[in-house]
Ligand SMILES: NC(=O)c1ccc[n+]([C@@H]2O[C@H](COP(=O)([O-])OP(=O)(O)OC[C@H]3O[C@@H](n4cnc5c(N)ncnc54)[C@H](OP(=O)(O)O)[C@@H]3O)[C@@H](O)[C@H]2O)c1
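Single chain ahead, by itself, as structure tokens, in the form predicted on its own.
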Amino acid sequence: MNENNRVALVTGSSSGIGAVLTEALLSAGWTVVGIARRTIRFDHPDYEHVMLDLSDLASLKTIGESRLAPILSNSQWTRVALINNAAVPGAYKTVAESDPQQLAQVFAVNTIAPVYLMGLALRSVAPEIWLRIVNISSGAAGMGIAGLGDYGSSKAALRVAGLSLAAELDAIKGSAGDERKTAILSYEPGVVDTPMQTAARSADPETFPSSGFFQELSKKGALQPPEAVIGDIIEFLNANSKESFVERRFGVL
């Protein structure tokens, strides 16, 4: 590790929003620890890579406790960020066709892993250090989209977990005067041009009723590049607001 005083843990750093955000944070002087299933190299001395499949919960706990916790608890940091960006899209099938093992994998990556990492960060980061947690959400978390029941429900569960953590932080402040500097952002980036969008457009309409909807979004030019949607995240990471929970959507003030 270098002598910078800000560190960000970014899941899904190998592509999409995670990769673009990692590059932006490195350029802004952050140390970044990226987590992804495959090896990736950023040509920067302040980047450290952790290769991990977040659906492997045993490995997640082992690596979390042995490698990530010591990084998060390092006394050199004055600001720590956790960006729960990694996600899997689901099967692109109806609820009637759902498979329990596939559902378990979706919830492991999209809900269980980020909730565990939130808890790990809270346990590891000293109360007087600014801790910013960002959970990347989705429009599917707040509305029913045919064929996205698995993905949407996993994202909705993560949103509620963030709300619950914020309520716990508020309860501590109210009962014991705790000055923990922790805040959670649930961020909906809108329609972003990522591999998930490509997969949704390519899914078989016989099993994925909303494939035409996603094809139309692309045809209309409605997709945003990942670079366009990270500004709100970076602003939140650098802010000193003590509000425990914030929700934002790209393009909405």
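Note that the structure is a prediction, hence the values are computed from the model and not measured. Residue indices: 1-based, along the sequence shown.
Heads up, the form predicted in complex with the named molecule isn't pictured, but that's what we're talking about next.
Contact check for 78, 81 and 234: none of the three has a heavy atom within 4.5 Å of the named molecule in the predicted bound form.
For residue 85, a non-hydrogen atom is located within 4.5 Å of the named molecule in the predicted bound form, even though that partner is not displayed.
By the criterion of a heavy atom within 4.5 Å, residue 192 is counted among the residues contacting the named molecule in the predicted bound form. The named molecule is not shown here, but in the predicted bound form it comes within 4.5 Å of a heavy atom of residue 13. The closest heavy atom approach of residue 17 to the named molecule in the predicted bound form falls within 4.5 Å. You can rule out all but one of 148 to 156, 161 to 169, 96 to 104, 122 to 130: in the predicted bound form, only 148 to 156 has residues with a heavy atom within 4.5 Å of the named molecule.
When the named molecule is considered in the predicted bound form, only one residue from 67, 38, 61, 220 comes within 4.5 Å through any heavy atom, namely 38. Though the named molecule is absent from this view, in the predicted bound form it lies within 4.5 Å of a heavy atom of just one residue from 91, 117, 109, 72, which is 109. Interface residues of 46 to 82, taken as those with a heavy atom within 4.5 Å of the named molecule in the predicted bound form (partner not displayed): 52, 53, 54, 55, in sequence order.
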